[in-house]
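Consider the single chain below, provided in structure tokens and representing the form predicted on its own.
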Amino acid sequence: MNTPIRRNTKQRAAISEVVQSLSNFHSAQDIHAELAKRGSTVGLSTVYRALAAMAADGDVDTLLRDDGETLYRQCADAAHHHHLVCRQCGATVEVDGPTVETWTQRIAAEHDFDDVSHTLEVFGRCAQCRAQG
């Protein structure tokens, strides 16, 4: 199977710049709105395509919300990690999960699976949001 070559277009560079400038996870619509605020004319479908390609390339991290919407973020750590996400404000903390990693490998071996991957997002409310009531 041939892997498509991903071109670094002006649009993808602009999208990447916005993603890098934002904290926490954001939707494609949020990223598109920020591009528009900056004067860019990149279309929403282009934003979706570029973010999907960037996620496939490992350039951005994704998070799937309960409602099915995918959110995107430039993560500080390229290594495998998990996220603790405030469901109120979206604040995100990257966390390691060695117990999860051990369990994943064990359960895969028990069922004769290999080449396993997983994602784990933990949602809650951060201290700042709790303090605000």
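Under this definition, the rigid core comprises the largest set of C-alpha atoms superposing within 1.5 Å between the forms. Sequential numbering from 1, following the sequence displayed. The shown structure was predicted, so the numbers you read here are calculated from the model rather than taken from an experiment.
Another form, the form predicted together with a further copy of the same chain, is not on view; read the next lines as being about it.
Screening 49, 106, 38, 80 for any heavy atom within 4.5 Å of a further copy of the same chain in the predicted complex leaves a single hit, 106. The candidate spot formed by 16, 28 and 54 is out of contact with a further copy of the same chain in the predicted complex: none of the three has a heavy atom within 4.5 Å. Although the partner is absent here, residue 97 sits close enough that one of its heavy atoms falls within 4.5 Å of a further copy of the same chain in the predicted complex.
Using a 4.5 angstroms limit between non-hydrogen atoms, residue 116 touches a further copy of the same chain in the predicted complex.
In the predicted complex, no heavy atom of residue 42 sits within 4.5 Å of a further copy of the same chain. Although the partner is absent here, residue 86 is a contact residue: one of its heavy atoms lies within 4.5 angstroms of a further copy of the same chain in the predicted complex. In the predicted complex, 112, 113, 114, 115, 116, 117, 118, 119, 120, 121, 122, 123, 124, 125, 126, 127 are the residues of 112-127 with at least one heavy atom within 4.5 Å of a further copy of the same chain, listed from first to last. If you fit the rigid core between the shown form and the other one, you'll see the Cα of residue 123 move by less than 2 angstroms.
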